[in-house]
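Here we start with a single chain on its own, the form predicted alone, put down as structure tokens.
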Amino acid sequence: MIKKGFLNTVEKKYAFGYVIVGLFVIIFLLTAVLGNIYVSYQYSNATMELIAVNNLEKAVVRINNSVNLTYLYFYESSVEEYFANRETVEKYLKETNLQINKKFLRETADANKTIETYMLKSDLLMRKLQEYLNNNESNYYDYGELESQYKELQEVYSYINLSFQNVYSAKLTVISDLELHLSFLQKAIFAFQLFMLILTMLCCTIYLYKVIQGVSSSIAMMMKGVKSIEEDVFQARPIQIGSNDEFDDFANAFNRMIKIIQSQMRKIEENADIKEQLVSAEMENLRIYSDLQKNHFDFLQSRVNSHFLFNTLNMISSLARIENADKSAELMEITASFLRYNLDNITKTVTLEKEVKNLKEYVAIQVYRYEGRYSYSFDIAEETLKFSMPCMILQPLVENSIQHGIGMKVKDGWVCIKTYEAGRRIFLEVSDNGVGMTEEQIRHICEEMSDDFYRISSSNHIGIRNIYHRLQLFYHYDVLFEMKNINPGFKIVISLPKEG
């Protein structure tokens, strides 16, 4: 029978469940990232608007000071400062006008119009004062007119100061409203994320329950069919599973076997002379069939068993020992133990003792691989063995030493792994006698380590970056990470709090 549909195997059904989890996780992360981007953007815009208004106020104050110095003390340098500062005012006026175009605010518009009026009047006054200074003729201008223009200009300036107060009040009101809006948005995002988390757990629980229930139901039906054959072959009925996976194939094979057995039994009854022989043959067939069914069930369960890989490696190891390939068998056993540790503990907290044991298995693999080109030494302090830490911290550092440090050496390369306790901290050291790094390379790695963890990196030292960020999260950012050249080689020192 040809199975229809996409989910036509047990493996695909489980994989589809993982896809559902992945989609929910992506939605969860996108919500958090987009929400943070939006909040940061709104705060940035509000801050830039305030900065632009503040810069405009400072520029107006500077040109008014230039007007005062020119009118009261006849400083020629103040005239030049006035026209230089005037360009600054025009620049910031354009920025605040762009704000008005994007989002109209009456107080800002009033302040800009008042400043433009001030600029026109100040230009007129400063040109007259400039002409007066250039001609140096005391009777050439009417002092009364200049005084009237100056007082009028200062009156406009007082209105400008009042306008800026109104602008600041309005801006602060807008920021206050923005904070309320963003606070509500953050609460809404948190509620949505909580809802998505609950929905993910609910959907996954229901889906996996249905998958497991389907597998259990299929196995129960198969066992029921086997039992019916054992009780009475002629009363056994074909079984119908309808799971659209491997169990359907087993059911079809089972039903065909029932028909064959029933047909044979009928022939046995028709021939009484050979009935006893056929009965014996039937019982033997039933025994063989039961064994085959058991083997089929064991095989199916091994496909969904997470330890199938390790069983396979152990089988290969045994075969290698039978064929007197002891080194291959030993390497296979070490590899199986190394992989088991990684898969069983990758999301768990382990002791330093387990981490070192796993690292020694990795080193043993490298010794086989490089045939003694490099040596490895362990200096592990007894008091550090029970220290709890995340899994897979030391192995990537040793791997980096091999690939980037001593990889070019033909012989006499070495890697040293050391742990010790000092004060209230645990220190992990990995050093080698390789080529080391330039100061520029070290600086570049440090910059990448300080970047956002989720940013994509093109560096060859993603392993170091990954270790650093995992330790930072696990130990609440109480981690010291030092990289330095030694003579010869390179050393990485990690300092962790004793109480994680």
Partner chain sequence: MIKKQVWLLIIPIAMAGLSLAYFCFNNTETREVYPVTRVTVILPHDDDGYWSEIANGIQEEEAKIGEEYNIDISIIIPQLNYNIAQMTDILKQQIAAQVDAVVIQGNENPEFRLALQGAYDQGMKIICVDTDIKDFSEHLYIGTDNYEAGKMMGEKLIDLTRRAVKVGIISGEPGYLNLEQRLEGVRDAVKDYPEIEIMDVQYDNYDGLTFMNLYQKLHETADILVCLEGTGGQTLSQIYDERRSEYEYILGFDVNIGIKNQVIDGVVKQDTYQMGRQVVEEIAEYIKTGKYSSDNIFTDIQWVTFENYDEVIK
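Positions refer to the first chain, counted from 1. Remember, it's a predicted structure, so these values are computed and weren't measured experimentally.
Only in words, not in the display: the form predicted in complex with the partner chain, which the text now covers.
For the candidate spot formed by Y38, V156 and F184, every residue has a non-hydrogen atom within 4.5 angstroms of the partner chain in the predicted bound form. Just one listed stretch, out of 370-378, 402-410, 176-184, 79-87, contacts the partner chain in the predicted bound form at the 4.5 Å heavy atom level, and that stretch is 176-184. Though the partner is left out of this view, F24 does reach within 4.5 Å of the partner chain in the predicted bound form, counting heavy atoms only.
For F16, a non-hydrogen atom is located within 4.5 Å of the partner chain in the predicted bound form, even though that partner is not displayed.
The partner chain is not shown here, but in the predicted bound form it comes within 4.5 Å of a heavy atom of F104. Taking the partner from the other structure, the partner chain in the predicted bound form has a heavy atom within 4.5 Å of a heavy atom of I189. Between the options A109, I393, L125, M265, the residue in contact with the partner chain in the predicted bound form by a heavy atom within 4.5 angstroms is A109. Only one of E116, E353, E147, E95 comes within 4.5 Å of the partner chain in the predicted bound form through a heavy atom, and that residue is E116. Contact residues in stretch 197-219 (any heavy atom within 4.5 Å of the partner chain, taken in the predicted bound form) are L199, C203, Y207, K210.
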